[in-house]
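Next up is one chain by itself, shown in structure tokens, the form predicted on its own.
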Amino acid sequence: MTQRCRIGLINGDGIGPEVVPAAARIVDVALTRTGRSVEWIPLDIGRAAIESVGEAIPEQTLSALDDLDMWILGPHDSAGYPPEHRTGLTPGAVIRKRFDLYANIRPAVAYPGVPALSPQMDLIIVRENSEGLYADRNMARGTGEFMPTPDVALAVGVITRAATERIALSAFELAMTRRRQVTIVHKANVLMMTTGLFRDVCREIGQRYPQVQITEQHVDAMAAHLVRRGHEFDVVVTENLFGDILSDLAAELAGSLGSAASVNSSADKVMAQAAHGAAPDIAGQNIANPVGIIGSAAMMLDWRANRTGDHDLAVAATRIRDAVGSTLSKGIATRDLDGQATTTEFADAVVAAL
């Protein structure tokens, strides 16, 4: 019997209903070629959920994700929700917290045929995803930002040994499958206790991997190095805020933020979620770049394959990446990559390449 994969499918807001179905179609074709079938589990968050059940992140969506090992999440546009739905955690934050998706893996790869400021770039930023200075992730209850007076705003930053150890392990394990180089990014010259702890724990974990070359950079210097010599870096491990900023910079240097893939994972669950946002200004025009979410879906399959030994998933992921690369090398691309293809036309071309 054909083994079936159960995958959650959440379109989200803005361009999500255009790019997410494109990615699902490509995953479907790639897995079918390996003799597998997909059972898609459609779920709602965001504006669609508000309109149907009156809340941005319904409990029935979360309950359904409890029973799944992997899902694709489109972008959310919390700022565009009705005022009463803009307070509290965003849908993405609720999902991250519920499933402890502590590792945000963000590659920056320059595709052949795509104009890029750093055409040889091929690095991965391993971003700690559960704490740091992000107000939705650093308190057991409430938010990590507060105002003691109307003219003073404060933020709490959190770095823990436990969270740093597990993200460092993710980075060094990943480096063992690549060029065996890890760069620890911090700001311990100023944030001595917080990012100093992050640096020190990463160093300790690195001692377990004598085959891996370890370097360090302050975050401001790292931004400059990415611009000047981004192609020299392999795996970069850093805390939450630094990782968010550096990964967007690296994505643009490699071609476009719209092409930036990303997964969020825990020990046993993985969520494909492109690094870009909902882009409401171009929603509904069929011009959005689906490369980011397609690449995220391929990463999701790879992550699952590595955890389970499922060779078919790994083969499908490789075929998806090869098909995307082949399509872009032929000059078929969306407008943000200097092409003329619509979202649908690009997806059609990738399917043809598969």
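Predicted, not measured: the structure shown is a model, and the values here were computed from it. Sequential numbering from 1, following the sequence displayed.
Same protein, other form: the form predicted in complex with a small molecule, not shown, and the subject of what follows.
* Interface residue in the predicted bound form among Val109, Leu257, Ile214, Val114, criterion: non-hydrogen atom within 4.5 angstroms of the small molecule -> It is Leu257.
* To do: Scan Ile159, Ala279, Met271, Ala175 and let me know which has any heavy atom within 4.5 Å of the small molecule in the predicted bound form.
  => Flagged contact: Ala279.
* Are any of the heavy atoms in Ile294 no more than 4.5 Å from a heavy atom of the small molecule in the predicted bound form? -> Residue-level check for Ile294: no, no contact with the small molecule.
* Indicate whether the small molecule has at least one heavy atom within 4.5 Å of a heavy atom of Ala288 in the predicted bound form. => Flag for Ala288 set to yes.
* Asked: Can you check whether Ile205 is within 4.5 Å of the small molecule in the predicted bound form, heavy atom basis?
  -> Ile205: no, not in contact with the small molecule in the predicted bound form.
* Contact between Asp136 and the small molecule in the predicted bound form at 4.5 Å, heavy atoms? -> Looking in the predicted bound form, residue contacts with the small molecule do not include Asp136, since no heavy atom lies within 4.5 Å.
* Asked: When the small molecule is placed as it is in the predicted bound form, which of 163-171, 271-279, 194-202, 179-187 ends up with heavy atoms within 4.5 Å of it?
  -> Looking at the other structure, the answer is 271-279.
* Triple contact flag Arg25, Asp69 and Leu301 to the small molecule in the predicted bound form, non-hydrogen atom at 4.5 angstroms -> Contact check failed for every one of Arg25, Asp69 and Leu301.
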